[in-house]
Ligand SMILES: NC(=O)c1ccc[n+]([C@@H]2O[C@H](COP(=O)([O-])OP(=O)(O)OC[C@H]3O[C@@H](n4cnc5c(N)ncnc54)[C@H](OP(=O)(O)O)[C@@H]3O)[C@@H](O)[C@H]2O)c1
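Take a look at this single chain, the form predicted alone, given in structure tokens.
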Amino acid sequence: MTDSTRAIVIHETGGPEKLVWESVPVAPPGPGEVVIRHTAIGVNFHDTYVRSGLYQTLRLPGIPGIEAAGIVERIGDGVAGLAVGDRITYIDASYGAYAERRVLPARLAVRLPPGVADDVAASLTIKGFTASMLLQSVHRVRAGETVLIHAAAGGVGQPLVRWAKHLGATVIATAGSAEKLAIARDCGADHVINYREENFVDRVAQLTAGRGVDVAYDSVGASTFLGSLQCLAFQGLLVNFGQSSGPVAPFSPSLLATRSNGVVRPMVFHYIRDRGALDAMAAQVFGAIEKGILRAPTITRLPLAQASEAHGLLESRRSTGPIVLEP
């Protein structure tokens, strides 16, 4: 029997006002599926890109959201390893997290260890997975390397700084205000650059005596991409994993020949395509949380019905910590 729940639905792309609070159906779980009652829902820049139309990856009308924690309420046929009452978290490239309850493919659900709270999981799962991907898979950071991290006080920036320092790297962090620079320093950054007041390319050259960085992690995109490329050492790698300032314009591959550099644009979903990879990454991230390597900053909590306010807060850059929606 089909039930109903309340959710945020996008009928057309645009501003935060396009996030509509309404009732939607919830079907019984089919084979390989579970019904989840959400307890905490993560808010990410990816969600704002979907809502604005920058990413046209959600079929409309549709429910946005790629990350949440919750409790298993019902289990479909053929599901193993999960029980009613289990606490789980997940990320879902097919969206659907901005809801009180939902049907979820069981293959996406990861059981939460007792030491990881629901709101911490909702605020750090995809950010932690992204940091793990960037530091362990896309480029395996080693002790003694120098890394550049843009938006270092942001949702992914903070875990990146903390984890890179734990791995023994020298971290150069950029941010746009004194407050955010202080956050980056508190996370362990060795050097901080206010990109609004300094030319970060010149400052990186100065800090590295002209050598450059082994890897630059750039989630900003259009306004920093070419500068990040100029910051690379010989055979250095530029990792573009976001575009908060807009998409990167086409560029000539010959620019990479200056120092035999590389550019990569990874997506975390591609690194957890099979269950073994998902479980391995989850163990790594949850272990880092339990050991204190990764820590959730102060979490801003808002009711799910106020998702539009959460998007406005995130896009204004007024929030330096994670935002979680509570059903």
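Residue numbers run from 1 along the displayed sequence. Here the structure is a predicted model, which means the values were calculated and not measured.
Another form, the form predicted in complex with the ligand, is not on view; read the next lines as being about it.
Taking the partner from elsewhere, P266 is found to have a heavy atom lying within 4.5 Å of the ligand in the predicted bound form. Using a 4.5 angstroms limit between non-hydrogen atoms, E315 touches the ligand in the predicted bound form.
At a distance threshold of 4.5 angstroms between non-hydrogen atoms, L112 is out of contact with the ligand in the predicted bound form. Remark: G155 counts among the residues lining the ligand in the predicted bound form, judged by a heavy atom distance of 4.5 Å or less. Figure note: of the listed segments 77 to 85, 205 to 213, 99 to 107, 234 to 242, the one touching the ligand in the predicted bound form, with heavy atoms no more than 4.5 Å away, is 234 to 242.
In terms of contact with the ligand in the predicted bound form, the residue from I183, L167, V201, M133 that brings a heavy atom within 4.5 Å is M133.
With the partner omitted from this view, the residue of V120, C187, V220, V171 that lies near the ligand in the predicted bound form is V220 [heavy atom within 4.5 Å].
Annotation for 160 to 189: interface residues with the ligand in the predicted bound form are A175, G176, K180 [heavy atom within 4.5 Å].
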